[in-house]
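Below you will find one chain, with nothing else, as structure tokens; this is the form predicted on its own, and questions on how it binds or moves follow later.
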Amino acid sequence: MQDMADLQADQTGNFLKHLAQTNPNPFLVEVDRAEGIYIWDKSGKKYMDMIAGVAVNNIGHNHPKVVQAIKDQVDKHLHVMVYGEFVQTAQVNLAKSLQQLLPDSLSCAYIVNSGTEANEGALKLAKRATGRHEIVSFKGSYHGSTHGSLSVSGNETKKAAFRPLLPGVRFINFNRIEDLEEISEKTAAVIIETVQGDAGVRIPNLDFLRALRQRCNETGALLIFDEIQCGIGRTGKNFAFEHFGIIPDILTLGKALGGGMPIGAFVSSQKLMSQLSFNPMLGHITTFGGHPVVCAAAHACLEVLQTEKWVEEAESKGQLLESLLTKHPKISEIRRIGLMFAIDMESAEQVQQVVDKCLDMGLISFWFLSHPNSFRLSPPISITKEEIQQAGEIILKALNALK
């Protein structure tokens, strides 16, 4: 009979052989279970999850209210019809919960399967509503890996092998007001991460966002805020745009919205969204979008965020973690909003050493696709201050071990 080590080797071998890989050196943590801010592997090793599935598990792993909502919905029904035909309570409850948290102009949600699909839908909506085809995006941006989302993402290294991509896309500089003059009456939409994530947590200036909103108003271009990573409490507000008082025409969500289940949504006014239902009819369609089990989980996630104090505590918790790390001589800069961190090092090699050492010591951190000299932290916002102290100590040990 095979012992545990042999079984784990078999599982890892099958993972590498039969599941498509994204990079040559995956973490290869064999997950057994997860709860709160912790993940346990098959050997019983406990990991402090300081990345939350890359800003997904904002309320922690396996929150009991989310789990119960999933179980309750499973007992009722799973998929029954393609999106938009049947009235399903789980979908309606989620849409209503979002509407209650958002401004009146963002009252209508189209629920899809992922963040990149949300961005694809938002781009289509903008073209349909304006009759224009040009899209303006920003250098350093990341909006997803499907063709349309990749087309409006700024990392050319990740795009080159897949060209030709979507035509009519222009890139301007983030936080440079003079570049906004390139937005014109030909522009269907400007898409921007409210806080740039993959570029290494780049926070916009208020004057820049105000000028962007004004320029879109002047030209008739629709303004899309991508909050797939920075939304749902991550920055210390339900939505990052609340920090600036600037409201988009279209908002895209994903990642943390599902409480650990796969989801995306693009949200706009009912007037704008209705244009996907004619000329042509079925202007955007999805089979599994709005899946009732996922919607039930997302509705429960939003309820948890409204009943706990985690969103309002995210900034003070972020300040605490920053204060523990900021004076270390190996760190050149920390950029942060709420519990969304980019920590700059001297080189990508040092970043890799820190990430690897943290993993050895039972803490999960990660890197950025487009900013290799930084490692990222995005712990569940449910993390306690005691757990932040523990995490800080582990990260400092990893930094002290740098060669």
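Numbering starts at 1 and runs along the sequence shown. Owing to the predicted nature of the structure, the values given are computational and were not obtained by experimental measurement.
From this point on, the text means the form predicted together with a small molecule, which you will not see here.
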Full three-residue contact with the small molecule in the model of the complex, heavy atom 4.5 Å, for 233, 308 and 382: no
Contact stretch among 319 to 327, 72 to 80, 125 to 133, 221 to 229 - heavy atom within 4.5 Å of the small molecule in the model of the complex: 221 to 229
Residue 114 within 4.5 Å of the small molecule in the model of the complex, heavy atoms: yes
Non-hydrogen atom contact residue 268 with the small molecule in the model of the complex at 4.5 angstroms: no
Partner proximity in the model of the complex: residue 255 to the small molecule, non-hydrogen atom cutoff 4.5 Å: yes
Proximity of residue 289 to the small molecule in the model of the complex, heavy atoms at 4.5 Å: no
Candidate from 142, 174, 110, 239 lying within 4.5 Å of the small molecule in the model of the complex - any heavy atom: 142
